[in-house]
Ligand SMILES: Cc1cc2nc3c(=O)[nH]c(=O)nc-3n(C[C@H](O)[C@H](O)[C@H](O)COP(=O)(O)OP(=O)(O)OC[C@H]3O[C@@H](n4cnc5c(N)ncnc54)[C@H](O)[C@@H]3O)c2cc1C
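One chain comes next, on its own, written out as structure tokens in the form predicted alone.
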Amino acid sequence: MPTDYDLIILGGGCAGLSLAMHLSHQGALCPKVLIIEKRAHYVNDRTWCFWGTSNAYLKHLANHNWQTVAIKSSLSDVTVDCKDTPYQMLAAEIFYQHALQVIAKNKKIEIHFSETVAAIPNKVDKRWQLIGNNNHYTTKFIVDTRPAKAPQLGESILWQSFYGLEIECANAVFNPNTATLMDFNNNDKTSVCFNYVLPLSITKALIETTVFSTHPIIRENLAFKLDEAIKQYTNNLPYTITRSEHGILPMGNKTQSNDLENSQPTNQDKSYVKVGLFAGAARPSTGYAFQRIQRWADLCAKSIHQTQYPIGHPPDSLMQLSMDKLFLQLIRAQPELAPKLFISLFHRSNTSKLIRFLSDQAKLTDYLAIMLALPAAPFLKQLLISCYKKLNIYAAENTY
């Protein structure tokens, strides 16, 4: 006999656990929920970073924060004081432990580990049917956090691929007071390549090599760049590796492009919702996702409480989507401009306005300030190119 639930969450990663946490807070009013997770257990496999704004979710869990951040290139650099809204890091192991503790307080929520289901659940008589390893489930609603497929060329304006190692040296080599968000490598003219350095102490740091490119890049193809970066920051001193992380994030994927064209995402069946990094969780221009996921989880839990129906990620404002898309199109067309653009952005912007913009909390005056902080000529040129392409496509589609 199948096991029945009100809601099944496919995937117990950040999005799935975050929604379950918010539902757990509903106590006896929480629906009967099952999380299906293919992992046997959680490991410290990643970090999430965000700005410690007044309304940032779970910022009290952050295990490190920096009151200054730096952007560097071979030509110039800028350091920004952000003590009022520090740059914060949350280790996966802390988040997982916290989420599991919160979820365990509500007996109406279950997690099945080492479990997988068919890629496409079947709906029969208004209930979804799912076949697991050795189990049969039914549910009224599904929130699917799994990526639809592996990252592929052409599915996003750009891909953010990164590979990082957390290392520890015997000698003091790091400045633990400043996080380096971008240290650009100007040798690659076909993509945007930079190092990301989060110093955890004078001897320990997370060092990542990140590439914005038209194609996703696997871990092995980033290993040489990362090795060179680590040699640079450690002065070739010996070190030990404590953990690693790798990821590929969409920067302007098709779902987000559709949001821009249609003002809201399409949804054929309200009882089945797709969420996660490939469905709008990641900010197109930055890849930041943690706070966006927390805001969605809060809204989704409230929707389930009020209407029974889950909801997907809310679309960004047209202003934000338009600015992100134009920015991505420009650095895709001219990746060599990226160091100048980012340094100008951090150097010329008011810090509070910039952080609100990066945190998806910008006001109209913040958007205007960001525009004024960036060089106008390349953006105007790219805008004209984009308009010209759209006119050509429109003319071709309407030629009989």
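Please read all numbers here as calculations on a predicted model, not as lab measurements. Each residue number is its position in the shown sequence, starting from 1.
What comes next is about the form predicted together with the ligand, which is not displayed.
Looking at the ligand in the predicted bound form, residues S74, K225 and I331 place no heavy atom within 4.5 Å of it. From the list 225 to 233, 288 to 296, 103 to 111, 169 to 177, the contact stretch for the ligand in the predicted bound form under a 4.5 Å heavy atom rule is 288 to 296. At the 4.5 Å threshold, heavy atoms of S156 stay clear of the ligand in the predicted bound form, well away from it. Mapping the unseen interface onto this chain, C14 counts among the residues with a heavy atom inside 4.5 Å of the ligand in the predicted bound form. Shown alone here, W48 lies within 4.5 Å of the ligand in the predicted bound form, counting heavy atoms only. Contact check for P86: every heavy atom lies farther than 4.5 Å from the ligand in the predicted bound form. Between the options P199, G276, G252, P310, the residue in contact with the ligand in the predicted bound form by a heavy atom within 4.5 angstroms is G276. Comment: the ligand is not present in this chain, but in the predicted bound form one of K204, K302, H246, R127 has a heavy atom within 4.5 Å of it, namely H246.
Residues of 304 to 334 are not found to place any heavy atom within 4.5 Å of the ligand in the predicted bound form.
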